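Below you'll find only one chain, the form predicted on its own, shown as structure tokens.
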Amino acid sequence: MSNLAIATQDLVRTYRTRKSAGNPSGAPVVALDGVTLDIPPGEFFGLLGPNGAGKTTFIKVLVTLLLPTSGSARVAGFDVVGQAQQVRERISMVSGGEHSGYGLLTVREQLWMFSQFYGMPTQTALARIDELLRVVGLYEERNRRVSALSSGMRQKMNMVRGLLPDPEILFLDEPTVGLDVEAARDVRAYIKEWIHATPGRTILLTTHYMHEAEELCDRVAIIHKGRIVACDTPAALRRRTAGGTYFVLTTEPLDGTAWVSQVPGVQRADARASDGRTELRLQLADDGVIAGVVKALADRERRIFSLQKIEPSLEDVFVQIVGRRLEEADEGGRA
């Protein structure tokens, strides 16, 4: 465990609540329910889940903002309860939509202020601030007041603030929430550059955006009702949980499809007739099997109008595990 960037064992966090219509007994709310995770140094790890699933609570325990109710958590080899100061010296955290600092300060002044909280020498801090502002495209705005920044600019500034101390482990809690497409793309691009620049840096990302997790993360865990319900690489999750790749062929009308299942390597075949055509949906042992299906159609003198390979997404994985799309789960959580 000491060689891991992040390690948790049976981590539990509960909150005391008052009696209410939604909780008439006043029973404690379980935000984390026995979470066990191992994240090695150098990994970009993603945590997916709807509102109320436990993502932010998990990060707050790891960055020593919340105490665990039971179980254990170690970050950079240090216990988050008994060695909180050692943990804080090695980490940084950026949250989406945060408004930390003072709007009357300029961008450079605000970042310098945070550098002093980190104990950085002024000259070193100013040089690093200017370097990072150039990287994220904010150098020309360095003397602009924070209150005058757009949401995208503010979040880029927050990324610079989080990266100033060059942490061993960076926690990103919904870092692109509320950003426009271009600003979110810029933030993601720099995150990738940062983790690849020095081997051993580790990132734990929570996000609502499936495409963001697929683009950035080495492994992904899905958390639901405080429990980790799946954890693997995005590719492995897609293959294992969503049923793998499948093909869709649109052909001339077919009289029955039992023959399709007899083609070697066809694991499942479903057919639907529409507008004088037949749509075949095929799950195959591997991509090469499609050649046998095409030959069988040619032998039956049936023309193929279209052929499409469909790759399952993390959204498909989430729906299969949780039972509804992420947006629907969020609505249920808010209710």
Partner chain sequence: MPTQRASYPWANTLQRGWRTLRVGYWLGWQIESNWTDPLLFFIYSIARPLGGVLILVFMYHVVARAGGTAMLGFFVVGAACWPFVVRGMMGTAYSLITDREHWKTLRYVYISPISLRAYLVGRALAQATSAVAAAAVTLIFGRWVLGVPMHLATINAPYTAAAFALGIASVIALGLLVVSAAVLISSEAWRMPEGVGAALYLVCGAIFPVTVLPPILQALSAAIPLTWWLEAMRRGLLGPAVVRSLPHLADGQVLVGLGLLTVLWVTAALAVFTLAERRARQLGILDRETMY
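Numbering follows the first chain given and starts at 1. Only a predicted model underlies this, so the values are computations on that prediction, with no experimental measurement involved.
This next part talks about the form predicted together with the partner chain, which is not shown.
Q: Can any non-hydrogen atom of Ala148 be found within 4.5 angstroms of the partner chain in the predicted bound form?
A: Contact check for Ala148: no, nothing within 4.5 Å of the partner chain in the predicted bound form.
Q: Check Glu89 for me: does it contact the partner chain in the predicted bound form (non-hydrogen atoms, 4.5 angstroms)?
A: Looking in the predicted bound form, residue contacts with the partner chain include Glu89, since a heavy atom lies within 4.5 Å.
Q: Considering non-hydrogen atoms and a 4.5 Å limit, does the partner chain approach Phe247 in the predicted bound form?
A: Close contact is absent here: in the predicted bound form, Phe247 is far from the partner chain, nothing within 4.5 Å, heavy atoms only.
Q: Would Arg201 count as touching the partner chain in the predicted bound form under a 4.5 Å heavy atom rule?
A: It does: once the partner chain is placed as it appears in the predicted bound form, Arg201 has a heavy atom within 4.5 Å of it.
Q: Scan Ala236, Leu126, Cys231, Met120 and let me know which has any heavy atom within 4.5 Å of the partner chain in the predicted bound form.
A: For this set of options, the contacting one is Met120.
Q: Looking at Gly256, Gly103, Pro264, Pro253, which has any heavy atom no more than 4.5 Å from the partner chain in the predicted bound form?
A: That would be Gly103.
Q: Counting only non-hydrogen atoms and a 4.5 Å threshold, tell me whether Leu282, Gly292 and Phe305 all contact the partner chain in the predicted bound form.
A: Not one of the three qualifies.
Q: Using a 4.5 Å heavy atom cut-off, which stretch among 159-167, 205-213, 256-264, 221-229 contacts the partner chain in the predicted bound form?
A: After filtering at 4.5 Å, what remains is 159-167.
Q: Does any residue in 53-70 get within 4.5 Å of the partner chain in the predicted bound form, counting heavy atoms only, and if so which ones?
A: Contacts from 53-70: Lys60, Val63, Thr64, Leu65, Leu66, Leu67.
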